[in-house]
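Below you will find one chain, with nothing else, as structure tokens; this is the form predicted on its own, and questions on how it binds or moves follow later.
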């Protein structure tokens, strides 16, 4: 009732232990985060921490099982049945778990799923990324005989629809739309609503109520169906999640891995500085340190004292270090200029300097382990002589003072490079590029920034180049949110996009034939190499360090690289210390 009042008025398993999932750990697990999630609005997840937090509060139909590195049923009873219709549509048949319920006891129903899908397409909400990601779902057909049964009608026949169609947090209709006003609007109508057309009054009223709820900073205004609630949030310092005493999934036997929620508390400590994070780990003020820099990881692992207290794990990841070019800026509109600048990065040297040689170089955004990887493309190398040739091909002429100018452009080639200030790998890459560019008399201004400020600058197009990680996975091969012209101003930060490239991205997203999809994806990687809006440098390994007292440590190649909700503490002995884990 409290919620109604508020809103109406406005892998790899490395532990040998098998836990009893029906018993929750009585102690908190303290996890280091390098940055604040910034927002807990379930419609927008600007970084991995926001995504992780969202899935503690809410659940999707399907979620990643880090033990198997596959999607598994969460709110759904099972993976959806698939039926191909003609040559352009796919039907996915879902059943919700009978016990799934909201915090107020109301069951999770097909109407909640339909409402959430429509919310992703309401103008005026922070739903740009979700709109791109799930735009292929065109209709939800509810079963009038069973409120937990529905069918999704999807445009296209991509094989991954069966799993990617269920990976979004489902939200309660009755709380956000008690009058059920969105039921009057078919999903396709909202999807096809012209951007310049004013929203319907009922939609505008719903958007106002949603925004007034302030879910970005006050997620407690919206009941979830996930295992935790937010107990405290001190921005840029700490987020504390409290396990619900009575959660619907506790009644399941056995409890599926994706629905295990063992720690009574998950205490995320925001520690941007790596040295401070190591100190907190050694003082036992932090229990889990994910994404440890390679040098820090190796230094600690070499310490006998550290090995007696800590367990060390490494797995490959789908995180790729990338450089982005602002293709909207005059100096960077020509692809040969972008190709030239890409030759001034040294992937081999950077991999050795920042990752101790661990990781995998790549020709594109797909992992070299992918069946769709284009191995016909050569790996790029540091090549300053080739860079000069490409600059001349783009029309740049070297002046007597060494600077580069174009005939119709009075400004010499000079660049601003933005990156996160708290990430040593980014800083090393930026310094290497600056040194290489300045040898060719190209001025580079380095602009390290705090994460939130960087995100705003990139969204505003206030950069020439950026360096950042792209966190991928082997499931979704839909790059529309990153490179489609429709996504310029939201997920498409580089501003790249043409009708032919848009068509290629749409074809990849919808293609269901593996062979044809392979051809399309290899063409996409070749096109990305030629146009160079983004330069992928290399994939990183995932390094994780945990307190040896923790059990059921599951690490994965999939983000965030470990399963926080599966952890539990070993029983303390009479001295209060925990028995060591065996990595």
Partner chain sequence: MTHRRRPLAYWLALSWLGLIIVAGLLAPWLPLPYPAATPDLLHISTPPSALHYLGTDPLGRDVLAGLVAGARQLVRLSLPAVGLATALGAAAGGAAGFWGNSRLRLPLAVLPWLLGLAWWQLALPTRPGLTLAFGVGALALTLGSLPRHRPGGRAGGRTFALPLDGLVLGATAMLGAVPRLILLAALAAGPPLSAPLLLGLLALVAWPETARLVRAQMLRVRVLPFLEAARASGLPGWRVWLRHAMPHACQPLYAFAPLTLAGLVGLENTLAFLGIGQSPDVVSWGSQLTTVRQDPAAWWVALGPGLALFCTLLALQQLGRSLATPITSYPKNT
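Only a predicted model underlies this, so the values are computations on that prediction, with no experimental measurement involved. Residue numbers count along the first chain shown, from 1.
Not pictured, yet referred to below: the form predicted together with the partner chain.
Trainee: Which residue among 379, 85, 275, 179 has a heavy atom within 4.5 angstroms of the partner chain in the model of the complex?
Mentor: None of the other options qualify; the answer is 275.
Trainee: Within 4.5 Å of the partner chain in the model of the complex, heavy atoms considered, which of 208, 333, 295, 141?
Mentor: The residue from 208, 333, 295, 141 that makes the contact is 295.
Trainee: Check, residue by residue, if 346, 424 and 432 all come within 4.5 Å of the partner chain in the model of the complex, counting heavy atoms only.
Mentor: Checking in the model of the complex: 346, 424 and 432 are all within 4.5 Å of the partner chain.
Trainee: From the candidate stretches 434-442, 93-101, 151-159, 210-218, select the single one in contact with the partner chain in the model of the complex, where contact means a heavy atom within 4.5 Å.
Mentor: Partner-contacting stretch among the options: 434-442.
Trainee: Although the partner isn't part of this model, could you tell me whether residue 203 comes within 4.5 Å of the partner chain in the model of the complex, counting any heavy atom of the residue?
Mentor: Close contact is absent here: in the model of the complex, residue 203 is far from the partner chain, nothing within 4.5 Å, heavy atoms only.
Trainee: Taking heavy atoms and a 4.5 Å cut-off, does residue 230 contact the partner chain in the model of the complex?
Mentor: Close contact is absent here: in the model of the complex, residue 230 is far from the partner chain, nothing within 4.5 Å, heavy atoms only.
Trainee: At the 4.5 Å heavy atom threshold, is residue 299 in contact with the partner chain in the model of the complex?
Mentor: Contact with the partner chain, yes.
Trainee: I'd like to check something about residue 504: if you look in the model of the complex, is any of its heavy atoms closer than or equal to 4.5 Å to a heavy atom of the partner chain?
Mentor: Judged by the heavy-atom cut-off of 4.5 Å, residue 504 is well away from the partner chain in the model of the complex.
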